[in-house]
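First, one chain by itself: the form predicted on its own, in structure tokens.
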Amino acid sequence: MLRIAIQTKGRLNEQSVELLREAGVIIKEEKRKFLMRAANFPVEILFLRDDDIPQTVAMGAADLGIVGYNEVAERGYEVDILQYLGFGGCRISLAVPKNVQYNGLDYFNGKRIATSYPNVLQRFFDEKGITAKIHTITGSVEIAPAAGLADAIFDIVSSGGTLISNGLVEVEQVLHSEAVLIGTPQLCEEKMNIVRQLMSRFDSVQKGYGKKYLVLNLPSSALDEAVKILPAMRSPTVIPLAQSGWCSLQTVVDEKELWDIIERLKAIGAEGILVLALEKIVL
């Protein structure tokens, strides 16, 4: 039996539970407790605060954890990063009041910096030769300059809206983060077999992110040109139609390239184009 620690609430909790569900690991959320066993896979789920997950995995109290890389970097516990999971993206950045003149990192020499990530910040300042006073805050870091507690902050930034609403401007991006799957070092082979199954499922789910399944009809004479336009994992699937001189093509495309590809296909005679949702890609 494998034990996975995930965040007990918040955005990463929801996305972690959804990832597990997409990977076929069913958790009955209406009966959630501190520790729950999956209904159809040899794992149990341990719900914890995000900052407790790296230590719990390092100690072996949980075999795996899904947590932001920022927490792994800050806590410094010995864990293996097994997989980057493609969600929960953010950055940890330095921000200063918008009315100050910022001319580079030298600005922070001798300044007070409020943060919930003192270890990450101290390593960055040591690397850059900056001497500053780091003030650790566990609550709302962004209000520290207005409250007179600090000259600047070092905090998580997603959209930047919180900084703007508190009269701050982002000036240095220090660490990029996303959700990662971490593991206890030197797991036994029996557990590693389950881990490999789970990682393969996660990988299939990730490969489906931002992808669409495209089906279209095309004059056979335009097939070579269409193949040049269409991406594919190996090559597009081509099926002859009952109507002579026509064929059907099927392939997977990136959603961000979808409309450009459709316009190019229409220009060479493609018709009846279907765009279908895609959940997983198993290679």
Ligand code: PRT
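From 1 onward, residues are counted along the sequence shown. Only a predicted model underlies this, so the values are computations on that prediction, with no experimental measurement involved.
As for the form predicted in complex with phosphoribosyl ATP, it is not shown, yet the points below apply to it.
Stretch-level contact check against phosphoribosyl ATP in the predicted complex with heavy atoms at 4.5 Å: of 82-90, 182-190, 125-133, 196-204, the positive one is 82-90. In summary, among the residues S159, Q173, N103, N109, the only one with a non-hydrogen atom within 4.5 Å of phosphoribosyl ATP in the predicted complex is S159. Phosphoribosyl ATP is not drawn, but in the predicted complex it has no heavy atom within 4.5 Å of T56. Although the partner is absent here, S177 lies within 4.5 Å of phosphoribosyl ATP in the predicted complex, judged by heavy atoms. Shown alone here, E44 lies farther than 4.5 Å from phosphoribosyl ATP in the predicted complex, counting heavy atoms only. Taking the partner from the other structure, phosphoribosyl ATP in the predicted complex has no heavy atom within 4.5 Å of any heavy atom of K266.
Residues of 50-87 lying near phosphoribosyl ATP in the predicted complex, listed in sequence order, are D50, D51, G68, N70, E71, the criterion being any heavy atom within 4.5 Å.
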